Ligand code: ATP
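Next up is one chain by itself, shown in structure tokens, the form predicted alone.
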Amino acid sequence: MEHPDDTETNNETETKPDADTDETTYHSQLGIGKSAFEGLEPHFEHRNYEGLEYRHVPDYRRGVERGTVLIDGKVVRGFPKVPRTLVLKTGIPTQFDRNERIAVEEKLNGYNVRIAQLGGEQLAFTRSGMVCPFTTRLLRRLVDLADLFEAHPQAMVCGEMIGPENPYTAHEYPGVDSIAFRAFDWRDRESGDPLPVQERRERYEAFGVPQTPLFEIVDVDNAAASVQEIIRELDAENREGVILKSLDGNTLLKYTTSASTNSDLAYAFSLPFDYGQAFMFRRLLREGFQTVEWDEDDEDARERAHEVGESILCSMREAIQTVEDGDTLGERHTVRASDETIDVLFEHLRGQGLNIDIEDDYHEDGDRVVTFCKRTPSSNDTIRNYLDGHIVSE
């Protein structure tokens, strides 16, 4: 799922720029001119992670990917924005060369991290470029990257954190009881250049790093029909979708299932005044184009419309009833980790001004297991106002 607020995990504070940093080194590493770097500087946010000062670009800027980090004289590239097609038949040949072959891999429903080794320490970075202490700590028990970074110190391991015990995007996956890591790309930390798909998969396999599934490698001319069949199967299993990649890893395209759209809509309208309105239109477009490209008959289209409407209306109805009954709306998550890792997570969330209610807190098999609710004041307050008779001007 593309989480609507992309909340980041960190225990950092705003800090001033490091006056001793050689900016010439940074702009040459980024491959841009000095004047271009000077124009980029105002857009960096300054952070401090456990005494390590760094800067990151939280939004996409010309020539520099969102999430690009300048840290201790080194660059960690952000992950490129992945375009989406609404129509497979025409979108695939528009994005890829006619004679190309395409790898079709699963798009997993979780949150995106990039791992780089800097100063002998493996750090996990969020999409927007902040060091994530929760993920940094948790990865140590999920995947062993020591041999990989010893052999390839310039590597940037790109992956998804998935599973039901997840503080941001919880989703069930077979064989994942808590939280797990799945690699989906391998890029050079400084340049951002990717490994070719087959080489990347072979390397991860050699280092014992779990990966996202590869469904097939297919010609461009046959890709639309093949992807449609894969999407139907993923849809039936309530999974998210696919990423299409040129074999050199440079060209990407995504396409998602109707089940993913409905899950997103249901989530957004369970908190309608926090996410619902801005979240809706893009997803309704996906459903509209998919039903036409798939040449659905009236009965199938009505069934699709019913599922979309149910995702929106039933979730919103439940939200209104929850507030009417005097209960509180919020995002509920369960996490399982060490005491120290859980403490870091809650310190950050509360530091962001979020209201956290602990609903369950116990120890099991040496771990602390906590179910918590991030309260969302906008939906709670607005629904209560309307229930109390606030008049809407239209």
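Counting begins at 1, following the sequence as shown. Everything numeric here is computed off the predicted structure, so don't read it as measured data.
Just so you know, the form predicted in complex with this ligand exists too; it's not on screen, but the next bit is about it.
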Listed range touching this ligand, judged in the predicted bound form by heavy atoms within 4.5 Å, from 202-210, 98-106, 266-274, 312-320
98-106
Partner-contacting position among Arg336, Arg66, His333, Arg55 - heavy atom within 4.5 Å of this ligand in the predicted bound form
Arg66
Which of these residues, Arg304, Arg127, His171, Lys74, gets a heavy atom within 4.5 Å of this ligand in the predicted bound form?
Arg127
Distance check, Tyr60 to this ligand in the predicted bound form, heavy atom within 4.5 Å
yes
Whether Lys254 contacts this ligand in the predicted bound form should be assessed with a 4.5 Å heavy atom distance threshold; does it?
yes
Heavy atom to heavy atom, is Val82 within 4.5 Å of this ligand in the predicted bound form?
yes
Might Lys245 be said to contact this ligand in the predicted bound form, defining contact as any heavy atom within 4.5 Å?
yes
Go through 157-188 residue by residue and record those having a heavy atom within 4.5 Å of this ligand in the predicted bound form; state none if no residue qualifies.
Glu160, Phe184
